[in-house]
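Only one chain comes next, encoded as C-alpha cells, the form predicted on its own.
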Amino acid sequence: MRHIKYTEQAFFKFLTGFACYSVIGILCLIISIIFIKGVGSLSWEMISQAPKGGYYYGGDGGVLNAILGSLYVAGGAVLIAIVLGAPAALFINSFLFRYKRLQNIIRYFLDALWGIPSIVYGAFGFTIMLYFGMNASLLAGIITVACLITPIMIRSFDEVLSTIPTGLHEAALSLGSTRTELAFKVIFKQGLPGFVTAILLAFGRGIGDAASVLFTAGYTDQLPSGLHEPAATLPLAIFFQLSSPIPEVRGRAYSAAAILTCIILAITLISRLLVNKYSKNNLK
C-alpha cells in the first residue's frame, strides 16, 4: 500500500513538474524565435523614427508611430477602466458583501464579458462609430479597448477584494465606519498590491490586442497628433509587415514583435516589484 502511495506521489510530481517546465519552455521558445528572427532588423532607427516613404517596400524609417499609438491606446483605456472598475469592485465587496447571490450574478455577467473575443468588441466599437458618424481614430480605439479590459479589471479587483476576510468588514463597521469609509480607507488599502497587478496586466492586454483596434483606431504612418486622428499600433504594424512578400519587411515585423514583447516583459517585471513593495508596506 505504501509503495502504491509513493508511486502515485512520484507520478503526480512528475506530471505537475512537466506541465510547469513545459509552460516555461514554450515561453522561452516563443521569445527566442521572435528575437532570433528580429534582431537583424532591430536598430535605434527602428525605435526612434516613424515610417518614411516606401517603408513597407524596404525603405527607411521605423515604428515609432506604432509604439506611441499603442501606449496612448492602452494608457487611455486603462485610465477609463480604472475609473469604472475600481468603484464597481469596491461596490460589489463593500455594499453587497452580505448579498452573496447578487454578487454571484454580477460576477457571472462579468465573466461572460471577459470571455467575449476581442474581435467582437472591435465589431461593437465599429458599430458605435457608424452610429455616431465617427471616423477611425485614437479616441475610438481607446474606448473599444476600454470596453475590452474593464470586465477584466473589475474581476481582477474583485478577486483581490474577495480574499480580504469578512471579519475586517465587520470590525470596521462596528467601530463606526460608514460603508464608503470601509471601501476606500480599509478595503482599498488592503487590496492595493493586487490593484497594481491588475492595472499593469490590463495594460499589457490592451497594448497587445489587435482585433479590437483593427476597425476602430485605424492606421497611419504619422505620429499620433490628436484623439480624433487615426493611430497605428504595434500589433497592427506586425500584421501588416508580416503580410509583405519582401523578406526585409517581414524581418522588421519580428523586430516590432520583439519591441512589443520587451514592453510586456517590462510591465510584468514592474508589476512584480510594485506588488512586493506595497505588500511590505501593508505588513507594516
Partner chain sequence: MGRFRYSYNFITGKWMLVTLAVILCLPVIIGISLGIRSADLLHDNGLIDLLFSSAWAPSKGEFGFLPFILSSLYVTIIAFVLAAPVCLLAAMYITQFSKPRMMKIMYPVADVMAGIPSVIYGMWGIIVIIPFVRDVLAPLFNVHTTGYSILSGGIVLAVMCIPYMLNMLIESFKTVPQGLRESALALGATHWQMVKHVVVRKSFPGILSAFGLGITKAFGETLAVMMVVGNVVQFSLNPFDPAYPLPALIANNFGEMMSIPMYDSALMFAALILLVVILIINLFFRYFIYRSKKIR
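Numbering follows the first chain given and starts at 1. Being a predicted model, the structure only gives us computed values, none of them experimental. Only the largest set of C-alpha atoms that superpose within 1.5 Å between the two forms is called the rigid core.
Keep in mind that the form predicted in complex with the partner chain is missing from the display, and what follows is about it.
Listed residue that, although the partner chain is not shown, lies within 4.5 Å of it in the predicted bound form (heavy atoms), from Ser174, Asn135, Asn104, Thr163: Spelling it out, the residue with a heavy atom inside the cut-off is Asn104.
Partner-proximal stretch of 60 to 68, 223 to 231, 44 to 52, 252 to 260 relative to the partner chain in the predicted bound form, 4.5 angstroms, heavy atom: Contact-bearing stretch, as computed: 252 to 260.
Touches the partner chain in the predicted bound form: Ser156 (any heavy atom, 4.5 Å): So Ser156 does not count as contacting the partner chain.
Exercise: Gly75 in contact with the partner chain in the predicted bound form, heavy atom 4.5 Å: No, Gly75 is distant from the partner.
Residue contact check: Leu139 to the partner chain in the predicted bound form, 4.5 Å heavy atom: Contact with the partner chain, no.
Ala210 within 4.5 Å of the partner chain in the predicted bound form, heavy atoms: Close contact exists here: in the predicted bound form, Ala210 approaches the partner chain to within 4.5 Å, heavy atoms only.
Check all three, Pro87, Trp114 and Ile264, heavy atom within 4.5 Å of the partner chain in the predicted bound form: Checked in the predicted bound form: all three residues contact the partner chain.
Those residues of 113 to 148 which, in the predicted bound form, come within 4.5 Å of the partner chain by heavy atom: Residues within 4.5 Å: Leu113, Trp114, Gly115, Ile116, Pro117, Ile119, Val120, Tyr121, Ala123, Phe124, Phe126, Thr127, Leu130, Cys147.
Displaced residue check between the shown form and the other one: Leu27, CA, 2 Å or over, core reference: Yes, because once the rigid core is superposed, the C-alpha of Leu27 moves 2 Å or more between the shown form and the other one.
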